[in-house]
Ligand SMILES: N[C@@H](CCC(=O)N[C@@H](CS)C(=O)NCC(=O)O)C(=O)O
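The chain below stands alone, shown as structure tokens; this is the form predicted alone.
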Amino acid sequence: MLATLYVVHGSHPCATVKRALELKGVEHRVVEWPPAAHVVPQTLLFRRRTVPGLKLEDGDRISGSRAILRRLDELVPDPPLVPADGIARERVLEAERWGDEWLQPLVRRVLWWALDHRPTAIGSFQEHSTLPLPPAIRPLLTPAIVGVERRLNHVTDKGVRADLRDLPLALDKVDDWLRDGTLGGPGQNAADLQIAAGLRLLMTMEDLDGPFRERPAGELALRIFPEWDGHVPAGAFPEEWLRGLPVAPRSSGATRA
């Protein structure tokens, strides 16, 4: 089976699906959309503006990481991304749903707020991008990209401050799932991929990387996604916004008011 995966480079749900395709051994090619400019072509192809989208060789098109992972389990049952056992299945589906509906948008809001305040960092997220865009052009496009993404993802100071305040409880939840075996088992399941991708993208921000590495949740993210483009230097967030997290020492940059 040959599939075509439509992505924005560095997107966490796109990384989730790409990893699932690799686990399933599905041959695929990747079509990369430019950040923020993906909305129109993605909507035309999939009737939904968000990535990822998957087109199968029979012409069938599926969008959204959860829907794609369900279809992959139908097409290639082994290895399964969701357990067959009733109780285990419900736990994995619950964790995956949380990773998609709660964690995924939080990650977008926090990232685009950080990149708005550290615009020179955006190029680091495109290190392994296949888009034929000269590096000298990328800084010129940054303000437009960040502005569009902030609007699309409803990024506000008040919202991001609340997101950061919620992160310790979110990490507790992930650690609890690791303890009861919902996450972190011998085979990577749909919830592992969904949650680890979101956490790994948050760990590209130096203000969050240290605290996350100290937790089992951070270990899960690094185990599944050891490499990830992007680095936002410390100091992207005001210090008072990070209270409640065991913040890593700042190594560069200055606090933004």
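Only a predicted model underlies this, so the values are computations on that prediction, with no experimental measurement involved. Residue positions are given as counts along the sequence shown, with the first one as 1.
Beyond what is shown, the protein has a form predicted in complex with this ligand; the following relates to that form.
For the candidate set Leu152, Ala162, Leu75, Leu133, a heavy atom within 4.5 Å of this ligand in the predicted bound form is found for exactly one residue, namely Leu152. Arg48 is the sole member of His28, Arg215, Arg48, Lys55 with a non-hydrogen atom lying within 4.5 angstroms of this ligand in the predicted bound form. Judged by heavy atoms within 4.5 Å of this ligand in the predicted bound form, the contact stretch among the candidates 202-210, 60-68, 223-231, 184-192 is 60-68. When contacts are judged by a 4.5 Å heavy atom cut-off, Arg108 counts as touching this ligand in the predicted bound form. Among heavy atoms of Lys24, none comes within 4.5 Å of this ligand in the predicted bound form.
Contacts between stretch 25-44 and this ligand, counted in the predicted bound form as any heavy atom lying within 4.5 Å, involve His38, Val39, listed in sequence order.
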